[in-house]
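Encoded as structure tokens, the following chain is the form predicted alone, with no partner shown.
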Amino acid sequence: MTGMPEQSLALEASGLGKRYGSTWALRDCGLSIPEGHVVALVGPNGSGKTTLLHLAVGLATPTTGRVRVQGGLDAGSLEALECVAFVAQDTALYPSLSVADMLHLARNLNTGFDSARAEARIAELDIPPTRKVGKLSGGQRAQVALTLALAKRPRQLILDEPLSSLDPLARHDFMAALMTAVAEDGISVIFSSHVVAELERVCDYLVVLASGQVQVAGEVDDLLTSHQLYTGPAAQADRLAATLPVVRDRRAEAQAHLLVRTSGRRTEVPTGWETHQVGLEEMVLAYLRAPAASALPGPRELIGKGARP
């Protein structure tokens, strides 16, 4: 009897590292993200998020290891470039060109560029096609960049903090447009941000980076199920922590709060202790504040359904 076919991977990294001089921006990154997800790539500034995304789209070359996209295509190859679209943090548009000129340029640079779709979307957004890009608002520039990416009809969309310079209304409009495209086209999305609240409502897969290494990765529902917050007497915390994989340990004089990775296992709660469900932001902050990456469970231990071990 043949087994179920393996789910194709949107991104697969093995031993991936990038060094600039003597500094490692990303090191020993192992990651397997299945297709069909909206992925939140979260971490503080300098955590390696942009480096990972640049490696995934071929804008940088690995120092060690390799990265593949869309079921095994080498990142940056012609085949990968045809099915992966990228929106950079600074939107990477020519300020002296008009919006119409940007569409014309994109059509000449990208095979299969859907000009009709791009023009219709610009009209729907009420962005004047004759206006120079440099005269647009931040929200309009972000929407033009997203329009150019979506008009490629990609299978995967990678976005590097496109909301960082936008006001709340522009961020809301951008996210609404993005999720409409996901629903209509069924594309995979990797969305980088250091603001968890922006991504919590729309992302179903999480990757946390800190100090150039993957701290945790997996489907959001699975990760939330596999973590619990233990609250109880501080005097008993050391004994409990010795028996459980603690991600974050916070103690006051009388009470301790231990965020524990249970991996979905049912564990007996000691007398005097209570357990609580963990929110996404609380879990992310716990990993970012953990004292050392080497003490954390690797991404392969918490990988989401459908990904390879």
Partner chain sequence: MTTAVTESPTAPTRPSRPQLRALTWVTWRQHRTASAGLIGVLLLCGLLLLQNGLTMHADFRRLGLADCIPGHKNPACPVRIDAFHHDLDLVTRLTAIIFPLPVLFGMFLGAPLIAREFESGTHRFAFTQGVGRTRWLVTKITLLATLTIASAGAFATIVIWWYSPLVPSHGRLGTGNLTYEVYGTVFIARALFALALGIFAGALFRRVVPAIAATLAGWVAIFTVTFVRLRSHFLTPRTVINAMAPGSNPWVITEKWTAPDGHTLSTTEISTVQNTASTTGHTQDMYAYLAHQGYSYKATYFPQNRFWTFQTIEAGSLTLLSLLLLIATVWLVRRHAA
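Computed from a predicted model, the values in this text were never measured in an experiment. Numbering follows the first chain given and starts at 1.
Omitted here: the form predicted together with its partner chain. The next part is about that form.
Participant: May I ask you to choose, among F86, Y230, F191, F174, the residue with a heavy atom within 4.5 Å of its partner chain in the predicted complex?
Facilitator: Of the candidates F86, Y230, F191, F174, F86 is the one lying within 4.5 Å of its partner chain in the predicted complex.
Participant: Only one of S137, T111, T225, Q236 has a non-hydrogen atom within 4.5 angstroms of its partner chain in the predicted complex; which is it?
Facilitator: It is T111.
Participant: Would you please decide whether L148 lies within 4.5 angstroms of its partner chain in the predicted complex, comparing each non-hydrogen atom pair?
Facilitator: The answer is yes: L148 has a heavy atom within 4.5 Å of its partner chain.
Participant: Do L280 and its partner chain share at least one heavy atom pair within 4.5 Å in the predicted complex?
Facilitator: No - in the predicted complex, heavy atoms of L280 and its partner chain never come within 4.5 Å of each other.
Participant: So in the predicted complex, is its partner chain close enough to K152 to count as touching (4.5 Å, heavy atoms)?
Facilitator: Residue-level check for K152: yes, a contact with its partner chain.
Participant: Should V196 be counted as a contact of its partner chain in the predicted complex, where contact means heavy atoms within 4.5 Å?
Facilitator: Result no; V196 lies far from its partner chain in the predicted complex.
Participant: Please identify, from 176-184, 205-213, 98-106, 121-129, the stretch that has a heavy atom within 4.5 Å of its partner chain in the predicted complex.
Facilitator: Of the options, only 98-106 has residues within 4.5 Å of the partner.
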